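One chain follows as structure tokens, the form predicted on its own.
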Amino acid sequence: MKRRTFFKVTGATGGGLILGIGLAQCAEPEVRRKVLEMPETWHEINTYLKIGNNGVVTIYSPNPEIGQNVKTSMPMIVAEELDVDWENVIVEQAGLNTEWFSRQVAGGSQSIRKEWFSLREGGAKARQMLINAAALQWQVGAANCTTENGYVIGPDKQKLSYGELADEASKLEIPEKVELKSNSAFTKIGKNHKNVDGLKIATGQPLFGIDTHREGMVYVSVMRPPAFGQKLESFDDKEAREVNGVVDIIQFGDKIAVLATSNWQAMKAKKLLKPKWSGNGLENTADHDQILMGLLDARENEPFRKDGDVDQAFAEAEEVLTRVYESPFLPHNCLEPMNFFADATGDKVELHGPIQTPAWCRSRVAKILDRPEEDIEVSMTRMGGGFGRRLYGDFSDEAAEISSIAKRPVQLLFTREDDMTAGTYRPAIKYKIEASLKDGAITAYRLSEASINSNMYGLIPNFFPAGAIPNLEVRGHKYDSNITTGAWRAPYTNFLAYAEQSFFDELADRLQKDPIDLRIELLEQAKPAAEADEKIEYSPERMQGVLKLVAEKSEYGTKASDVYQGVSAYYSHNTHVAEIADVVVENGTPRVVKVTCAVDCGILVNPIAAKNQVEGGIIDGIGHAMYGELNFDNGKPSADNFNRYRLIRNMEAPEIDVHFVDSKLDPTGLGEPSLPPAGGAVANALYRATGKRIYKQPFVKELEVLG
């Protein structure tokens, strides 16, 4: 008997009647629909889809699914142009295929934006092939045929189902060019469609990498150096080998892999290893602080962007405002820890698991194992969070190397402690921002960055306020560290947006202007520059639009005197977002009670999923700005589990009110853009509530210091 069935028919512990209702019974009708299956006879029409002779259509979702809903949204786009009934669509996760698909990456919020036209063309070309097959059968012109919900309709109202036409259509040439639907003809795009994996997730069906199980597979737990910069000298594995179920213990590089018949046994044995490490991890947060502060005034590097003469404007200014903003390292803390399956045999290498960059994974493993890429097959599972961590396949590399050495299939699993102490972290960064004021205007602006390991992306210096201020300079310097750092949801902008938007709020106070009015004024000044300079990334008009929309929807400036509002607006990942946070003070403690958000991301493919992405980004942005912090002491992280690392809690999540600009423009990014403005909106609201400016994350720690 299945567990859920068991709950339906048992549970009474005393007198009376208990009526149990299973999940499928209380689900909405669209969830209760019949389970679709492809028949034995089906035909592949093109790289995106195949059609069964019963009319059921399987659409491949090419990109990795990390919770951003592309496994639903991408097939929706294909189905729109194919003109098939969504109720007759099965969605399958495609494996890595660089011949079929152009960009199988989950990163930069670019999946829908980059594949918008190729997905539409995939559906439209298949639709045209079905029309052509029907036209040949009826001996009529294809131009005289139309389609509707999985049928081709002829000039005399005759019709054939896609299932009836699939065989003949699959034999036809794929057309070079097809006409795409007009926006006004969309029937699926712009309508709410629930996650295609929703029921499977809710009922615990195997979807994620951590669920992987294959015949003959062993589980692997790896011991890594406890501090960055340390090396493995030797180890004693006698006691570990005595643990029941341990199959083998292998050294590879400076790591030790324990192979066992269960994950628990592998983890238990790992704790009994007695390693000797050489070298001291010399990475300390206090040292980083001092080094980065020194780099803020360095001038040896060429600026990323330079307009006018900042130094002269500073010299002529009535006032120069200077502020330094500081952020700590942050781990990614995906709900599903890192894991990967690998089976390296003489014939091929099978890789299976949660990876944001499958092609990069394949090329790295090919080099590690000295195998041609064509020998390596990569299939993708759904991911329990990515946030940039799964761009870096150190875990897939380890699994492949261990399988190759052990000559058996392995499932590598990180513990939560492994995940937090052997991570790829958001780098600690400091920003120094300076602006000169004269005659009631901002005459110059200088942004200086000092970061661990890497500089801001080349595009970021061309975001706002580029073009809005006549004299502008953006510089960056880095300090090379042993600590592994990398992309963390909305790289760089996740912290930079808070720093800049807090700074502009302070400038508005200096100039005695409303914070929204100042931003709209600056954006107006930016319009000629944005039109003339193709390097400038953002649209001043679209940014003004979201500011006006969020002001209207948040009842900006009209709320009760005990509600303190802070505004923030930012462009990233090709999308414009403005947010207003409402803060109240309860028993002397400020609390974020609401965030109103306006988003201009072009056409909405799936509104319910878009809203979900925006809400998640805001909560993530608030949580890490308010609470997130990771330090290093001699190369060792300060926290290795959630008992020592602070995340936002359910009761701390505010009400979120999301509004999208009605747009006919092509879709832009959405997985990340709502996160960057969140910290700035909260910091500015906290200032209104407490009178205290915050220059360092996490905010709660600074508020305690400020008293």
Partner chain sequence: MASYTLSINNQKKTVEADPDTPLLWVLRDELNLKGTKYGCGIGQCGACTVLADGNASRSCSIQMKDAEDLKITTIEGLSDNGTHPLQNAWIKHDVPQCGYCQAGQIMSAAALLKRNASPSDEEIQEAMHGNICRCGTYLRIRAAIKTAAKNA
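Numbering follows the first chain given and starts at 1. Just so we're clear, the structure is a prediction, and the values are computed from it rather than from any experiment.
Heads up, the form predicted together with its partner chain isn't pictured, but that's what we're talking about next.
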(message) Using a 4.5 Å heavy atom cut-off, which of 60-68, 676-684, 660-668, 37-45 contacts its partner chain in the model of the complex?
(response) 60-68
(message) Considering non-hydrogen atoms and a 4.5 Å limit, which listed residue (I201, V585, A143, L282) is close to its partner chain in the model of the complex?
(response) I201
(message) Just to confirm, with a 4.5 Å cut-off on non-hydrogen atoms, which of N132, N263, Q230, Q251 contacts its partner chain in the model of the complex?
(response) N263
(message) Within 4.5 Å, heavy atoms only: does K194 come near its partner chain in the model of the complex?
(response) yes
(request) Using a 4.5 Å heavy atom cut-off, state whether G602 contacts its partner chain in the model of the complex. (result) no
(message) With the partner left out here, check for me: in the model of the complex, does some heavy atom of N244 sit within 4.5 Å of its partner chain?
(response) yes
(message) Even though the partner isn't displayed, in the model of the complex is Y538 close enough to its partner chain, meaning a heavy atom within 4.5 Å?
(response) no
(message) Counting only non-hydrogen atoms and a 4.5 Å threshold, tell me whether D307, Y570 and R693 all contact its partner chain in the model of the complex.
(response) no
(message) Can you list, in sequence order, the residues from 368-389 that come within 4.5 Å of its partner chain in the model of the complex, counting heavy atoms only?
(response) R382, M383, G384, G385, F387
